[in-house]
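Have a look below at one chain only, the form predicted alone, in structure tokens format.
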């Protein structure tokens, strides 16, 4: 149902027009990854940004070197644990509720005020990842709400239109959601078995038809000619456990070594994000 009291913005892109006297031609983008295949982008993580919430955190990932490519910006707030309403059935463990929502201006295609299927998928994957880390038995008959706002998406606003597919940006968004939610849970004082962080690895192909596909961590679609497949992993380093694994893309079913390598690279990316998470929590204690 449309909110008649709200003045909605344009449904399409909001990029200002650029006037050029030269003949119109297809825009050319400088492809190329400036980082090493095993290097992740720099992260900024801070807790306690929302005083009214039980716990909160803010995550920002370094912007790509390509012009007009935005960096990922996430804000997470945790409300609870609090007692369930009397009408709710008895639960011997904590009831976890996750809510992931893009800001209307976060991506090239303007988002609506109601959640779409992609945002619901992110919420389901986030809930699965966090459920394996929280010690749910310590909070019976209680509930906790985890609300994440994606302030700015991690995408090239022009290349996404040319590629016609923005599913690869969801992988980086999910890994960031897992990391920032773990920081917010720690800030709220909710007991967990271990710190958990998200990481992404992808099988990419650079410019040239004869180029050999390679596996990189923390990929950006704007840095590569084509992304063939990707996986997002939620990993707990101390317990050496994976709580969520999300594959997307086309991979040959017979090549099991390729699947294994992707998972190993995803775990390596999760460890890099976990170092940032541990340093942030250590600074909070000091």
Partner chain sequence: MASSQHVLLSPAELAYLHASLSLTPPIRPDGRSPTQFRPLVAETGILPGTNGSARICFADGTEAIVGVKAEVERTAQRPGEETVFLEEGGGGDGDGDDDDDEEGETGAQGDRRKGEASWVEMTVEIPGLRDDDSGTAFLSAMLSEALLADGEFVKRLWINRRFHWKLYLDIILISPPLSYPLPLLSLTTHLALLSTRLPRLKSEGDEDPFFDDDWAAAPYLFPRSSSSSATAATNTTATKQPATATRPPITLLVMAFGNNIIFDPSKEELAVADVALAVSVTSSNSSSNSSGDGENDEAASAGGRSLRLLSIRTIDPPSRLTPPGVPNAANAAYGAAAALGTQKMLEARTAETEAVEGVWRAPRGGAKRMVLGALVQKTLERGGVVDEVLDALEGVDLG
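For clarity, every value in this text was computed on a predicted model and none was experimentally measured. Residue numbers count along the first chain shown, from 1.
The same protein has a further form, the form predicted in complex with the partner chain, not shown here; the description that follows concerns it.
J.: Using a 4.5 Å heavy atom cut-off, which of 145-153, 175-183, 73-81, 86-94 contacts the partner chain in the model of the complex?
T.: Careful reading of the contacts points to 86-94.
J.: Classify residue 256 as contacting or not contacting the partner chain in the model of the complex by the rule of any non-hydrogen atom within 4.5 angstroms, answering yes or no.
T.: Judged by the heavy-atom cut-off of 4.5 Å, residue 256 is in contact with the partner chain in the model of the complex.
J.: Under a 4.5 Å heavy atom criterion, is residue 244 part of the interface with the partner chain in the model of the complex?
T.: Flag for residue 244 set to yes.
J.: Should residue 276 be classed as touching the partner chain in the model of the complex when contacts are defined as heavy atoms within 4.5 Å?
T.: Output for residue 276 is no: heavy atoms all beyond 4.5 Å of the partner chain.
J.: I'd like to check something about residue 236: if you look in the model of the complex, is any of its heavy atoms closer than or equal to 4.5 Å to a heavy atom of the partner chain?
T.: Answer yes; at least one heavy atom of residue 236 falls within 4.5 Å of the partner chain in the model of the complex.
J.: Mind listing which residues of 126-140 have a heavy atom within 4.5 Å of the partner chain in the model of the complex?
T.: Going through 126-140 in order - heavy atoms within 4.5 Å of the partner chain in the model of the complex - the hits are 127, 128, 131, 132, 135, 137, 138.
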